Structures are given as C-alpha cells and as structure tokens.
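Before any questions on how it binds or moves, here is one chain, the form predicted on its own, in structure tokens.
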C-alpha cells in the first residue's frame, strides 16, 4: 500500500483564489517525498490538505489508507506535522518542551520521562536538556521542534521547510534525522527551497507551478528531462568565474583532448553535471526564489 495516493486534488479559496489544480501522485512508504515550487505555487496548501488541516475542493487523497476528508481523526493518530512557522517557547528548557508534549499526548509521568530521554538521545539533544531554548542555536531549536513531532512514533511526518535559516552543519544534521526516520520505515513529506536538500534526500519529487503539476518523478528523471548535458569547465587559477571556457563534450575522445589541452595550458579542468536547479528552472520557468 502506498503511504499517499492523491488523485485530481484541487483547492479554491474564498473569493475565487485558485491554489491547486488537478494534482495527482503517489508516495511509497518509507521514502522521502519532496515538494518543490516557487513562493505561492501551492506547496503548503497541498501539505495542509494531506495533513488534514484543509479540505480539497476537488479530488481525493488517501494517507496511510485513510481519506483525508472523511477519516481525519484516525489518520491524525498516525501522522505528525512540523509547520514552517513552528517556534519553541524561549523560556522553557529543551527537556520540558518534549516532556510536556508527551504528557499532552496522554503518556503517564514515567512513560513521558522515558520517551523524552529516548527522543533527546536519538536527536543528540540530551546534553542540552537543561538549557533554555533561548540559549540554543537555530539548529538545536529545530531539533527540539522535530523531537516534539516524533513523540507519537508517527508513520508519516510532514516537514515544511525544516532547515530554513540554518547553517550548513545544522542543515546536514536535519538531513541525518530524516534519513534515520526512513530507515525505520517512516515516510517523510518535505517542502524545501534548497535544491541541494531535495537532491540529497528525495526519492521522488513533485514540482508545482501556479498550482499545477509540472513534474513528478525522481531527481535523475528531472535532470534527464531537461536535456542538459555534462559540462567541462577550463579556467586559469586565480581568475574570475566569468573568465572561463565551458565545453559540452560530444564524445569520450573530446573529453580526453579537452583535459590534455587544459593541462598543457596550465588550466583547472572541472566537470559540471546537470543540476536539479537547472531542472527546476526548466519546468517552473524561473528560479525558486522568484515570487509567482
């Protein structure tokens, strides 16, 4: 059974604002599914529909076998959501955030303490347990938020831009957490503005533009669909990025000859494969930072 099956999902807000149009896809259990799109493309609307926070205007979606419109309560027991706007309470400790959420979830005192320690150890937060979140880095605060979402041992977790604003190390720690989840069978639905994040994590990705699906498939399929090819870049050491020669080799012989020429001329020779960013621009018609 697929973790998610969506068919013809559409959403029109009051006053006729159309957010989604006929979106269909499936997500395998235990995989990372990435939603990409420019601001206003409909990513968060789709995520909120799948997480039972909004009802679709048209179409049908099932998550973990439950209809998102008619069986919301049993589905909510099996999923968790980390919204983009989630923020910790600065004057609570990291430990208290997770412990109190355990109690809110119905765990007794001893169960809550055990589950809190289990989660904080897994997320490498235990050494920070007594610190106020006001004194934690952005990456540690984000781990606290994710830890709160992990309490019910959800089968599927929605992460809306979980690494936004984090430094490179903090982002990679979040990536490690996501990979740990999928190794134990958890399905992760992820929205992101970072192309390298999607490229490193996504088993499948959906690119949405102006509410419509413009691509659904793997990262490699997205790159291949653009027709972009491997590039070779020859550049003298110490020169600017503009002062370089870019070659798209047509054969192995041309690759060999280009490398040999670069060595003779004392140039650096580097290879640049097609990127997901190039694929995104191809399908969405602009960079992900642009507003629709």
Partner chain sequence: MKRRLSEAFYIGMLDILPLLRDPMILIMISLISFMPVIFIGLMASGTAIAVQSLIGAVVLTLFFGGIQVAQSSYFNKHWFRFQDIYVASPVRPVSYAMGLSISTIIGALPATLIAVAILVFIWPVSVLGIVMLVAVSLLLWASTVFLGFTLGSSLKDTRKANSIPQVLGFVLGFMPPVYYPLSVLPVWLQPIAMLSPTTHAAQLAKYYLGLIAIPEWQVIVGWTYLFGFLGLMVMLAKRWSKWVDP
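Numbering follows the first chain given and starts at 1. Not measured: the values here are computed from a predicted model.
What follows is about the form predicted in complex with the partner chain, which we do not show.
Each of 79, 87 and 100 comes within 4.5 Å of the partner chain in the model of the complex, counting any heavy atom. Listed residues 233, 27, 54, 64 were compared with the partner chain in the model of the complex; 54 is the one with a heavy atom within 4.5 Å. For the candidate set 48, 38, 223, 267, a heavy atom within 4.5 Å of the partner chain in the model of the complex is found for exactly one residue, namely 48. By the criterion of a heavy atom within 4.5 Å, residue 106 is counted among the residues contacting the partner chain in the model of the complex. Interface membership of residue 11, defined by any non-hydrogen atom within 4.5 Å of the partner chain in the model of the complex, is confirmed. At a distance threshold of 4.5 angstroms between non-hydrogen atoms, residue 170 is out of contact with the partner chain in the model of the complex.
The partner chain in the model of the complex is approached by residue 96, whose closest heavy atom lies within 4.5 angstroms of it. Across the options 116-124, 172-180, 197-205, 87-95, residues that bring heavy atoms within 4.5 Å of the partner chain in the model of the complex belong to 87-95. Using a 4.5 Å cut-off on any heavy atom, none of the residues of 232-269 reaches the partner chain in the model of the complex.
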